[in-house]
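One chain comes next, on its own, written as structure tokens: the form predicted on its own.
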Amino acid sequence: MSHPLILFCYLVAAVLFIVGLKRLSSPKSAASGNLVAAVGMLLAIAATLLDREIVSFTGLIVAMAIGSAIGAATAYTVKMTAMPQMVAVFNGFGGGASALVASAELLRRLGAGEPPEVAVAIPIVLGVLIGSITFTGSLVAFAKLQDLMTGQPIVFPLQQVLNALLALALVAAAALLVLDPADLNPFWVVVGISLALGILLVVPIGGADMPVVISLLNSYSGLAACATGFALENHGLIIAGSLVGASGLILTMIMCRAMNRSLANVMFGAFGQAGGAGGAAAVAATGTVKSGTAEEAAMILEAARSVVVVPGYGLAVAQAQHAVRRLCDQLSDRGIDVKYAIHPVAGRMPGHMNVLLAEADVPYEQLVEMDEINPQLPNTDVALVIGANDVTNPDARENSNSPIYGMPIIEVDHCKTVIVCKRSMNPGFAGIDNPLFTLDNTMMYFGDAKTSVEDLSRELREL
């Protein structure tokens, strides 16, 4: 039984975790929420070190120093556009660490001649199983996001049958390991199948579903940590893992609801072919496309009384958030009402657009969620769509044959005028045509998002 002071430290850490998560729900308080949660984790780590017999503080300090250096270097060097990949890697490392710790606990007990009882063997097996799946699944997600492998769904005949058979074999091996932990043969089977399933479960998922996948893998990493916490009888790890697992699952369901899709459909539907360099071939829009210049777009914006900016992944790729903020500042200085419409799955991970705009010091009160902004769009003069594609596609509302039919969108087509800033007519992650581009009230403004917005800003100053 842990010392009461240690338990009190875990309790305080848990409170800090919860407060941190609460503050992470708003862009305005997210930075301080992250700091609060980090202090809670530091307290939990310190309590654990005081509660356990440490074999070598030297080795522990060296490992912490190396990890901290890597983390600090990563935080300063990774671009905001690569944040989804970094989150995927962190999820994988979290799952892998849980699997290794659970495995070490099993081997330690066996080496001491004390095979774990069933109440301990079950969380050990779950920690290894979930952690291993999370590790390889996250690496595949990283490879897809980083264009190291195709972003399209990878499918083959009898794929789901193979997955089902592997899952059954995994359950059987896990049961054997729980019943007889001294026999390591089922342990290696659990490890091998879990690593394989992590790959097989993620490769058929396409680019459009990556926000859901990242959230789900985040939940898996928390569940793996929670199971390992039970195996180690560590209250801090149990609490932290439970919070991560629960919050990740809630976020996953929010993402699914935002896409009007079930979690099973995401995991087994093989939808979401990625566009662009690493994805499907371009699908040309049908109808007449009207393109305009920076001068024409600036004249439209100057005459407007209200402008709604809809950011997408194209904005993130071009690192155009600062240029967009400067343009919007110009519009605001002219007395134009400016708002940013944020779709829940814009970008490649939940909250991607919020983070980018916060980095550019965009006022928080100008960020408006999809459900709130849609009723205002019919009375909006101009919608400026920057690098967003699928989240503004009217087919999601009108075309029952479309793969994204039923997915809630930002209904910019209801605005009086739409300016779409885009590199080309290539499709988005879903790999499908967007009829918005050919509507009578739409003007296409082609070019790199950052360069185009800067040109637009210059033209606006000259008017």
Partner chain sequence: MTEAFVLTITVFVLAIYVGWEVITKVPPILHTPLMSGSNAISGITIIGALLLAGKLEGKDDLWGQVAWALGMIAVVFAMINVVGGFLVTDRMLRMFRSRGERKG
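Because the structure is predicted, anything quoted here is derived from the model rather than measured. Numbering follows the first chain given and starts at 1. So that the term is clear: the rigid core is the largest set of C-alpha atoms that superpose within 1.5 Å between two forms.
There is another form of this protein, the form predicted together with the partner chain, and it is not shown here; the text below is about that form.
Student: Using a 4.5 Å heavy atom cut-off, which stretch among 352 to 360, 141 to 149, 299 to 307, 388 to 396 contacts the partner chain in the predicted bound form?
Tutor: The contacting stretch is 352 to 360.
Student: Please check if G96 has a heavy atom lying within 4.5 Å of any heavy atom of the partner chain in the predicted bound form.
Tutor: So G96 counts as contacting the partner chain.
Student: Give a yes/no on whether D329 approaches the partner chain to within 4.5 Å in the predicted bound form, heavy atoms considered.
Tutor: Yes, D329 is a contact residue.
Student: With the cut-off set at 4.5 Å between non-hydrogen atoms, does M41 touch the partner chain in the predicted bound form?
Tutor: Although the partner chain is absent here, M41 would touch it in the predicted bound form, with heavy atoms inside 4.5 Å.
Student: So in the predicted bound form, is the partner chain close enough to T48 to count as touching (4.5 Å, heavy atoms)?
Tutor: Yes.
Student: What I'd like checked is whether R261, A323 and G335 together line the partner chain in the predicted bound form, meaning each has a non-hydrogen atom within 4.5 Å of it.
Tutor: None of them does, since no heavy atom lies within 4.5 Å of the partner.
Student: Of the residues Q319, N374, N163, Q366, which one places a heavy atom within 4.5 Å of the partner chain in the predicted bound form?
Tutor: None of the other options qualify; the answer is Q366.
Student: Only one of V382, I238, L200, L126 gets a heavy atom within 4.5 Å of the partner chain in the predicted bound form. Which one?
Tutor: That would be I238.
Student: Even though the chain is shown alone, can you say which residues of 131 to 149 have a heavy atom within 4.5 Å of the partner chain in the predicted bound form?
Tutor: The stretch touches the partner through F135 alone.
Student: Checking A360 here: with the core superposed, does its CA move 2 Å or more between the shown form and the other one?
Tutor: True for A360: a C-alpha shift of 2 Å or more.
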